[in-house]
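Laid out below as structure tokens are two forms of one and the same protein chain, each shown alone and named structure 1 and structure 2.
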Structure 1
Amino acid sequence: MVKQEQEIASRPDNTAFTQQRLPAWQPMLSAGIVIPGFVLIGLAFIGIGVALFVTSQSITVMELDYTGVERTSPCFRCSDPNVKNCVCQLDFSIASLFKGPVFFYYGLTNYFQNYRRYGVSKDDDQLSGDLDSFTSPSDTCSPYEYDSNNKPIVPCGSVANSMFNDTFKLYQIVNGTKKQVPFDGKGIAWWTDYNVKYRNPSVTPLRDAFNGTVKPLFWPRPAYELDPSDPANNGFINQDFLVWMRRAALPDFRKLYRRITEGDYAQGLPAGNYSLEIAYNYPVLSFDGRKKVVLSNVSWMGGKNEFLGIAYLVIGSLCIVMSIIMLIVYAKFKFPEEE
């Protein structure tokens, strides 16, 4: 009797949900539904693919390699690691208006920022402004925790230590004279990086927070002096630093350096001759890498990306082909009762 009462008490409630009596609908897939469905999906994908591909083709991209491997390259002398503070110049021309806004990128090849040990070599507490981590960096930063004098490195780690430090100035040649093209470096980093992930210590002046520490080994100046022209663009919220710290997924990548959106160049770069002045500092030949600058504009879909449009076209075409194959198979092997 007791056992029977326990069984009754353990049963689910007698409701439609617990007893699985809810109404249900199961589609009956037939040739009359599947074949037209594949056709409609294929046509939709092809339409989207054509729009993406045509839009991508309208985006202008200009790449200039300045690694300096070739003896004829203007930057050949600067590629010698023994030459310090070297400046080289690339001259190029634009045949027609390079429509704006123009985005100026630097690119690196054969550079594996997605390598796990490289990616974890940083101190997140330090980069969020924790002063205790300034004097005692995390051991994840090894071997860039301390310098040879056992002073803590801020910011520590391989990612920060390897920050890209080539600088660029672009000039338009007008009647034989150089007219500098203004660069806009504000807002080039992710909003979440600037406002959430990375923070400076609450110390004024910022220089005092770095007392007793040293800059990364390969940096020309400490973090609090990354941008001498703008005090608000220093420390761990420096835009160039934030762009570099967001690691690339592939070994060949480009990162945003500046935008060209101001003055006489708000509508883009006019046709004419230009000169790019490069302060060549970043070594890449030791790992068989290459360096380049990229000028590009964008559209509603972002930057130039032919793969996305081609992928939609291929999938859409496959859907159409499959619908034709299914129609032929159905017409030849359909069951007698469906005649």
Structure 2
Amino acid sequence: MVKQEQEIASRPDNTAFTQQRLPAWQPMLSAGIVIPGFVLIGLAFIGIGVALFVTSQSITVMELDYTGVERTSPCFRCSDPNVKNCVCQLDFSIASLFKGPVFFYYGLTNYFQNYRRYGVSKDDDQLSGDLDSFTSPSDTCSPYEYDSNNKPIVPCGSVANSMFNDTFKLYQIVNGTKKQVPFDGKGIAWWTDYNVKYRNPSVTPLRDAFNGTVKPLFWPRPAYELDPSDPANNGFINQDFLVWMRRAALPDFRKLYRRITEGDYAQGLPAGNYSLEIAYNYPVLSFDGRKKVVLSNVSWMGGKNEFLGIAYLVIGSLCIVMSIIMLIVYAKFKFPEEE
């Protein structure tokens, strides 16, 4: 008995795995499966496409370019880089109620926030409130690491340095008088950004933490004075700063500036004339950029975007068309072949 076992010691195991006989499913793509499959996929896609398209259509978007390239533009005089503290006014009207909540974006074009060396130029430790990094910022911030007096720049790096600094005020013209539309600057950045990722150093008052440091070269005010109206919205957790620090994916982008959710405008912007007051600071002409303001409301799928709905519709129709072609081919070839 033992001997026999020894004899077959080197006999391979007769299992489905070793003999490569594992039960296997081979996709049987016969016409009976493929054609109905295509029809089903097509119908489903058309359904989704219609839903997306309708949703997208329901979204209102209003874009206002205020770069001031054209001479007629109210902001033309501001576009000269030598003019400081320029304020310009843009008037527009809304024909019917702009349904709320309305999101107020600023947009830039031809602006490469995704430029590789630009994106690297920041110090995450500093931005999370590490005081050591205040005195000696990371090399990655170079050359916006120290100023000419060799004082550390806080927040360092190119991203922070180039922070967008135009400010906007929106007025509704009611009977010839300007009525300011209240902006909600809370919650425009990611919750995790101002609660987890970015922290101010735990020093009170905040300005003490910045002793011995200088503000970024392009900044008018230091980081701890970014929002004079709300002391909690200063330093690295200033929401405008956070929005800026989240780099845009593409060179033409918009960033959320404020939401309009309060007071009379909680339901949206009523029809009427409006005036947008812009503190024009940010230079874009050097790189042929454009600046704009976008007013938009959003749906479950985000902002207005017709592409996806159309794509679904096209692909869905394509599936249907293909299933019809296949059906014809099937009908044509089935019978001669069967003979």
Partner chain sequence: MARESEDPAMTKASKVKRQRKKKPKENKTRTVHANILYDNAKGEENPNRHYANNEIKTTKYTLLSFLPKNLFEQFHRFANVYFVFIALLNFVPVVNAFQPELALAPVVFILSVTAIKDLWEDYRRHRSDQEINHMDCLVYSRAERRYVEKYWKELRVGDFIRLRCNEILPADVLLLSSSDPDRLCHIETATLDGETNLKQRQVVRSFYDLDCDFNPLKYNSIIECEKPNNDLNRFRGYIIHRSGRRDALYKENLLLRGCTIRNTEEAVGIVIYAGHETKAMLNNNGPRYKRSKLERQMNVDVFWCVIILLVMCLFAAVGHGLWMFQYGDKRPVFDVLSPEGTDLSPIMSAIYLFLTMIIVFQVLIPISLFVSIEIVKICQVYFIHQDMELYDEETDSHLQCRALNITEDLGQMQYIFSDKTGTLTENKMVFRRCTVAGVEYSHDANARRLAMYQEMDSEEEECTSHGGTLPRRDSVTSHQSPHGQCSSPPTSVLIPLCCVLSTDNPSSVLQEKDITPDPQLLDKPTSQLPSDLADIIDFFIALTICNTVVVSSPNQPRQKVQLTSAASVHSSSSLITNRSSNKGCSSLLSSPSAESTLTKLDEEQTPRGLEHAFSPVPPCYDGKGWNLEEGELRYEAESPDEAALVYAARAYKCSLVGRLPDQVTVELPHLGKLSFELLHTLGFDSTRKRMSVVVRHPLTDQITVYTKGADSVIMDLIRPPDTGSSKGKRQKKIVNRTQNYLNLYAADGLRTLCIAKKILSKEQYACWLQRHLEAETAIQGREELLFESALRLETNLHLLGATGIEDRLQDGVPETIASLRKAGLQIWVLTGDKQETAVNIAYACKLLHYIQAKFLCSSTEQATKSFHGSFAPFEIYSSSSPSSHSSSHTAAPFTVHRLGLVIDGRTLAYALDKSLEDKFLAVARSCRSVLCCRSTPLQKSMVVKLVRNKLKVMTLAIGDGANDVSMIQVADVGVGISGQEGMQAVMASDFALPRFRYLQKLLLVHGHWCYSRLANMILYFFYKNAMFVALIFWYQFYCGFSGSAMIDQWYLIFFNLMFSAFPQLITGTLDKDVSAETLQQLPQLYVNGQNSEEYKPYMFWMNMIDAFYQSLVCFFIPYFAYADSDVDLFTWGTPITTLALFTILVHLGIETKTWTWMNWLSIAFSIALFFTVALCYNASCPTCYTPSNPYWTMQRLLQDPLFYLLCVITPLVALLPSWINSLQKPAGTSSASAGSRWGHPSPAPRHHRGPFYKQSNRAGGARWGPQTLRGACQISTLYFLQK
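All figures in this text were calculated on a predicted structure; none of them were measured in a lab. Each form is matched to the other, and the largest set of C-alpha atoms that superpose within 1.5 Å is called the rigid core. Reference numbering: structure 1, starting with residue 1.
- Looking at the condition given, the form predicted on its own, one finds it describes the source of structure 1 alone.
- Once the rigid core is used as the reference frame, the Cα position of Q26 differs between structures 1 and 2 by 2 Å or more.
- CA movement of A16 between structures 1 and 2 equals 8.8 Å, with the two forms superposed on the rigid core.
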